[in-house]
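One chain comes next, on its own, written out as structure tokens in the form predicted alone.
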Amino acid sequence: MAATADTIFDQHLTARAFSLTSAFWFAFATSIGMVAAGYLIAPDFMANIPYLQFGRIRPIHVNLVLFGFVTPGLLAAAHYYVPRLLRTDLFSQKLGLMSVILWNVAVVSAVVSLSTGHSQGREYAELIWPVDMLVIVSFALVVLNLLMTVRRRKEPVLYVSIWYACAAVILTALTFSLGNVIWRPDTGALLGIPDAILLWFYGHNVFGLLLTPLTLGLAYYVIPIVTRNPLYSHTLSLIGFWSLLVVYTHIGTHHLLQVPVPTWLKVVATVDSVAMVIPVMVFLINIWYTAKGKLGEIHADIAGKFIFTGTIFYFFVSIQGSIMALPQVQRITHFNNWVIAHSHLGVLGFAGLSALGGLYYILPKITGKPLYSRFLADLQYWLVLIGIVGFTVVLTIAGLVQGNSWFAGETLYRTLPEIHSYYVVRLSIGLFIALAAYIGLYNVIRTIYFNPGEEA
């Protein structure tokens, strides 16, 4: 039996390495986020330490959550289910390990460069050119490994999860290169309005063409297994896939409705933002009908519980996003904490919860042993859930206070005392998520390396 466990361990080196990467950076990212939240309460908080100034740690937090926690967690699951669905082994575990190592080098380089003040100064594209190239090479290795696995498959039918996983890494490698303007290493940017348009083409697609496809692919794999139901409709899954790719790619300009960009581009962005209800509802109808009558099984399975809850948050964040793209709504919601609530709901509530569910699904499979502690996983679930709901409520209220005050002509500095108490609550709620991250890290490490449980 030990030999079998060793074989399982060797077959999933890449998935295991991405799992550890995700768990570690989740803990680190939440710690940085707590420091950033402290600055909003006390602006002079550690302000004499240049490496920890708010303008530096805020992009560190964002990039760690995106590239350190959520994406590696989803890629860990993808490196497990893609070979399984194709009935073959991963093309190369060595290539996979190389991609993980380069990925972590890129993340560490991002932390060091941003903390020392080296930034391109563009939201979601702050990383300087050498770090950009590390990210692109890492993505290229992942693309090569997954596509070669598809090429040598023994299963002729490509299940929809394969479509989503491959599209995510291919399209993100391309959009990351475009959005970071890698052909201009000295600036990493274009000039004027064209740069703003290109930036938000990338800035929105790094979520919609990376986190969303990987998350949906994971849900399409896990939910039918957990519920022991066949997928409700394979046709709907492909309609959702192609409509996501067609519609999502055009919506980034809805961040620039108050900017002098071409009117036709604003119209396209607004219309497609509203049209996002099509791929979203197609997916949700498909996955919820698959789970119909099986909520008990989902609740009993820790991975299913994380991922199914993520689909619920997907509904709320997507409907909210479509409404926020309307110019009349944006007059109140733009440039304030409403947007921060929306981003936490999407990245942590939808993609983050699903990534954690993916980790808890694959860990017993890639180690040959049961999860170290179901209790700790459940505790992490509730802590993260409380944190997400708390963030959404508190930041939405603060955003509405800000938006309505500014719309009524109130000056910026007079709104700050009104929302100070909400920032205190925000920091308090952040403690739940930070604690959950460290609990998850402990559980993942114990499951992989120090697990006394019997071999599965």
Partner chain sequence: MSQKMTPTAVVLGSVTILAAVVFVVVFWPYQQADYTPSEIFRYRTEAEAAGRKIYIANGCVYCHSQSIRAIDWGHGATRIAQAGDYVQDRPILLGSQRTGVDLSQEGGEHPDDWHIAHFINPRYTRPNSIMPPFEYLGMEKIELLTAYVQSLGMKAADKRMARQRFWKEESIRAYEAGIDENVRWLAEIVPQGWRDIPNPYAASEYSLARGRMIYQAFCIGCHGPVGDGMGDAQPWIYPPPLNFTILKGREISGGIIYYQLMNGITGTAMPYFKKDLESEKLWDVGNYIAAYFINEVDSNGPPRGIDAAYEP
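Numbering follows the first chain given and starts at 1. As the structure is a prediction and not an experimental result, all values here were calculated from the model.
What follows is about the form predicted in complex with its partner chain, which we do not show.
Taken together, the three residues V226, L379 and A436 lack any non-hydrogen atom within 4.5 angstroms of its partner chain in the predicted complex. The listed set K365, K305, R153, H342 contains one residue whose heavy atoms approach its partner chain in the predicted complex to within 4.5 Å, identified as R153. Of the heavy atoms in Q53, some are within 4.5 Å of its partner chain in the predicted complex. Taking the partner from elsewhere, P185 is found to have every heavy atom lying beyond 4.5 Å of its partner chain in the predicted complex. Shown alone here, Y221 lies farther than 4.5 Å from its partner chain in the predicted complex, counting heavy atoms only.
Residue contact check for H334: one or more of its heavy atoms lie within 4.5 Å of its partner chain in the predicted complex. Judged by heavy atoms within 4.5 Å of its partner chain in the predicted complex, the contact stretch among the candidates 68 to 76, 353 to 361, 189 to 197, 273 to 281 is 189 to 197. Although its partner chain is not shown here, in the predicted complex the stretch 163 to 184 places heavy atoms of W163, A167, I170, L171, L174, T175, L178, R184 within 4.5 Å of it, in sequence order.
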